[in-house]
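As structure tokens, one chain now follows by itself in the form predicted alone.
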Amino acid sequence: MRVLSGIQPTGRFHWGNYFGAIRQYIDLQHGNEAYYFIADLHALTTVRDPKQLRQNTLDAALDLLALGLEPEHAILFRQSDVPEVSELCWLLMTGTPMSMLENCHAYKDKMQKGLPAGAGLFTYPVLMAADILAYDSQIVPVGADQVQHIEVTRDLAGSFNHTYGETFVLPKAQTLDASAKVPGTDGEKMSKSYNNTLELFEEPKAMRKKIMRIVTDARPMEEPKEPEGDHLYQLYSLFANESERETMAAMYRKGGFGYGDVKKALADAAERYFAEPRARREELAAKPERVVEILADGASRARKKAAETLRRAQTNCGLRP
């Protein structure tokens, strides 16, 4: 199957990004034809500092490669290095109903909150559709909050096909495991928007300090506690094996422990888990030219496929013979 996913370079990746999505994307590179792009065009709706965007994009590539994305198994590239997608976006835009975009949740949410929403955010779903359709993507792994955008993509592709003849492959959403939702340091969903994140490659001492400040309840040490639903236990479970989880759960139910013990165990487990990717990232960061080569090669391969799709769409709608 041809799999596609994009991730925005709006800041350093955190545990929620990894366990909620990136880990599953990397698993899908095996046995499939996988396209993964760094969505720098999408990021322009929020990142307005050119230097920061360039650094975020490089960091995103370094992180993905360090976490296990393999260029020999997956195509990794910058979204902006495939201009065919922007042209395809315009072709789709000409047949996109305003009402469809007005109903998309990202735009509606901002409007309801009285926040400024530019044309980039309004038309975001059409660019996302072009991203997906350009590579004849069959499977798009997304979180539950992104399923609507896949439905929009299918609607736009279906409408274009109906008007101009068979042009686009209709993709299917593969909803990511809901259990992979990761709590932040305050117990809410981990998100840069909430300022409650634990970064993947944060310095170990800084990470440990953040973990020790994780908000917990005020129950006394001797009181037994139910582990299920406890966000500290949920975080520990991300890194622990089944035996370790059972041991920790038994300690919760028995009582007689302090949350500081759990936080220390969490910090130790996280440090061990990311030790190998951290070492790989340091090696890659010392050779930025290699990362540039990987992105350029990925863009070349992605452009070849996107050009085929764009040419088919241009011919079918009358722009090319």
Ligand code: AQP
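Note that residue numbering follows the sequence shown and begins at 1. Between two forms, the rigid core is defined as the largest C-alpha subset superposing within 1.5 Å. Bear in mind the structure is a predicted one, so any value in this text is a computation, not a measurement.
Keep in mind the form predicted together with adenosine-5'-tetraphosphate (AQP) is missing from the figure; the text below concerns it.
Exercise. Should Ala299 be counted as a contact of adenosine-5'-tetraphosphate (AQP) in the predicted complex, where contact means heavy atoms within 4.5 Å?
Worked result: Ala299: no, not in contact with adenosine-5'-tetraphosphate (AQP) in the predicted complex.
For this session: Mark Thr94 yes when one of its heavy atoms lies within 4.5 Å of a heavy atom of adenosine-5'-tetraphosphate (AQP) in the predicted complex, and no otherwise.
Result: Because no heavy atom of Thr94 falls inside 4.5 Å of adenosine-5'-tetraphosphate (AQP) in the predicted complex, the answer is no.
Exercise. With a 4.5 Å heavy atom cut-off, would you call Ala249 a contact of adenosine-5'-tetraphosphate (AQP) in the predicted complex?
Worked result: No, Ala249 stays farther than 4.5 Å from adenosine-5'-tetraphosphate (AQP) in the predicted complex.
Exercise. Is Val3 close enough to touch adenosine-5'-tetraphosphate (AQP) in the predicted complex, meaning at least one heavy atom pair within 4.5 Å?
Worked result: Because no heavy atom of Val3 falls inside 4.5 Å of adenosine-5'-tetraphosphate (AQP) in the predicted complex, the answer is no.
Problem set entry | Selected contact from Met207, Val182, Ile214, Ile75, since only one has a non-hydrogen atom within 4.5 angstroms of adenosine-5'-tetraphosphate (AQP) in the predicted complex | Of the listed residues, the single hit is Val182.
Problem set entry | Residue among Lys172, Arg245, Lys108, Lys192 with a heavy atom within 4.5 Å of adenosine-5'-tetraphosphate (AQP) in the predicted complex | Going through each option in turn, the one that passes is Lys192.
For this session: Using a 4.5 Å heavy atom cut-off, indicate which stretch of 199 to 207, 182 to 190, 162 to 170, 94 to 102 touches adenosine-5'-tetraphosphate (AQP) in the predicted complex.
Result: In short, 182 to 190.
For this session: Establish whether a shift of 2 Å or more occurs at the C-alpha of Leu115 between the shown form and the other one, with the two forms superposed on the rigid core.
Result: The answer is yes, as the C-alpha of Leu115 shifts between the shown form and the other one by 2 Å or more after core alignment.
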